[in-house]
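Below you'll find only one chain, the form predicted alone, shown as structure tokens.
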Amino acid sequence: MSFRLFDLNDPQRHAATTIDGPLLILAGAGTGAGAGTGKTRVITVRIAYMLAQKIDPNSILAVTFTNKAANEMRERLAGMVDPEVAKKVTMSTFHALCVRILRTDIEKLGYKKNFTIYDEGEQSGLIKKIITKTAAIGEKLEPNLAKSLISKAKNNGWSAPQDEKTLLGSVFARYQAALKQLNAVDFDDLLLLGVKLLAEHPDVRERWRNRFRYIMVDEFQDTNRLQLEMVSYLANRDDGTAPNVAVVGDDDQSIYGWRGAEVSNILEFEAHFPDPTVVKLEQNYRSTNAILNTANALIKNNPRRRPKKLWSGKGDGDKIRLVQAPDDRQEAEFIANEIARRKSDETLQFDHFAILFRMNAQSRLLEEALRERQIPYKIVGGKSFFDRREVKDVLAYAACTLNADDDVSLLRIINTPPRGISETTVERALELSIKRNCSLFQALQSPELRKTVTPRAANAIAEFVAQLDRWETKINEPLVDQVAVFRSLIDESGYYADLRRSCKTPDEALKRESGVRDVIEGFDRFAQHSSEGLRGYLDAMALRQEKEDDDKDKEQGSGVMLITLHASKGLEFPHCYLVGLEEGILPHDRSKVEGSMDEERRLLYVGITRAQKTLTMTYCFNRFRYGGVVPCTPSCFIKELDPELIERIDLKKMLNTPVEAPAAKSRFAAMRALLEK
């Protein structure tokens, strides 16, 4: 065993060695031993300690919010204990855990075990189709809005309405019915059905309770109602013994209320798991005390929170600068100029700097200012590999070989490449599938459809159906090499030739072809360490949606990081600029109407605690918004900051003050010394 308890501070050690009964670890920002490690280390050392106490590794479950966090935890544990023992500990996301539970027992809810998990694109496609069929003339419903509202309803644990009085209610009900008919579930269903299965079937609940006797949950402040229910069903025992459930979180960093997270889960932990041990981790390993005390002064104004006070051994550090700028263009130019100057004066790298903002729209002027000065930057976002057309196509081929009744995947591949099955023929087949309440694949095989199409189209359909049947038989043969079958079916389908035809340049064709091969190689790598086959691989691909929008945004590379406050959670930067501290931006306009001012304050708290060495916050007198210049009011949060820790700077005055000769000389000398170096 190579884990060391003496590396931890006293509260961390207390948390790591408390094994029995409920445990609440309140871990403030940057309180992991070693900056940037977060709370993961305490959880990992705790698991290693449990294993040293001879607890069966198969009975330990650690739940995280992203695949990335689960993998990081897995790697760390393998470095602390025997890797073979570490493998037996279950570390997974909530959704991956639900897939495991549902693959075992979903038949009790009327689905087949080979259900398909729909991604966001497939959901949108199905909802769009249902809106088209359901809406009366003149009725409108935006598919993305419908998807978002349906998702919100499911995360609240609501079922589809029985009466279909509104268009949205009708679309929700028909969408759920269509999913079930297709033997498919969407991402939100994984949680909803997982909880339903545990709630309604005591035998299933008892089996999983007996399997996982020790449960840990990271980032507990981000859990929603369903996730709390799932933890309760698994941890609470009927015989009244105290549940061995440990959760790690920080109510002050609960910033995902708009995504369904309920801060009350951590604030009211005792109501769900009575008499817990509560451990506070307050020593911060990231920031200076000037930064932390600014954050402490702000967050204490939230009425509902668990009191804690971050502190650091890194000393006081520089004061926080609060810069008032005449307008947003000058705000952006000041930041870009200062980053360029500080890089040379202080021999820093561009990736030591981050600019944080409340809304994506704020980045435009900042980008322009950085570009003008040829300062490299990276901005959150960009198209995910899994959103690329060719990747979705190939995964649809795989899904159809396992479940030909998956309408969305079938629609994607039926004419990719073209097979002589016209749009009209596909429409007829769809209408027939709706009329007969069967899948599209079953409708394609119907003699009724064949009578309505040309002999040529009938032959094309028969060929396609036979091809799918053949692939399905091959992929399900005992002991078959599924990777080889998958590779040959993509070759045989004519997909590569069609892909090349649709590309404008050879480079594009090469890039897209390599995307297809990457998917196949990914399956090959997966098959080498898993016995779950192609179905398991498709599940793993679908589960990449799990809050990975956060992870894909945190791109690697060199340059100034431009990032929203929401996406910055969990990250740290030596020098931070936090822009737009104005009413209507931070706090956001909506927060006063919706009563979410506490969450806006937590968002600013998260932003402040990203800074390691220096923090500059800015606000403007005027901002270009809604096509014109709008006067701005400084954020009400500014009044809550400790004035003794703040250095106020009036940018207009500063720009109009001539630089004194000694200052100019010293700057010139510094530049010359740097060049000589």
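The first residue of the sequence shown is number 1, and the count goes up from there. Here the rigid core means the biggest group of C-alpha atoms that line up within 1.5 Å when the two forms are laid on top of each other. Please read all numbers here as calculations on a predicted model, not as lab measurements.
Quick note: we don't show the form predicted together with the DNA, though the next part is all about it.
The DNA is not drawn, but in the predicted complex it has no heavy atom within 4.5 Å of K343. Using a 4.5 Å cutoff between non-hydrogen atoms, V195 does not count as a contact of the DNA in the predicted complex. Of the heavy atoms in L543, some are within 4.5 Å of the DNA in the predicted complex.
In the predicted complex, the DNA sits beyond 4.5 Å of every heavy atom of D251.
In summary, the region of this chain contacting the DNA in the predicted complex, judged by heavy atoms within 4.5 Å and restricted to 593-601, 167-175, 434-442, 204-212, corresponds to 593-601. Site annotation in the predicted complex: the residue of E122, D222, D393, E582 reaching within 4.5 Å of the DNA with a heavy atom is D222. Residue-level contacts in the predicted complex: of S493, T134, S312, T564, one residue has a heavy atom within 4.5 Å of the DNA, and it is T564.
Looking at 241-272, the residues that come within 4.5 Å of the DNA in the predicted complex, counting any heavy atom, are Y256, W258, R259. Once both forms are fitted on their core, the CA shift for E521 between this form and the one not shown remains under 2 Å. Taking 2 Å as the criterion, H588 counts as shifted between this form and the one not shown: its C-alpha moves by at least this amount when the rigid core is aligned. Positional change of V217 between this form and the one not shown stays under 2 Å at the C-alpha, relative to the superposed core.
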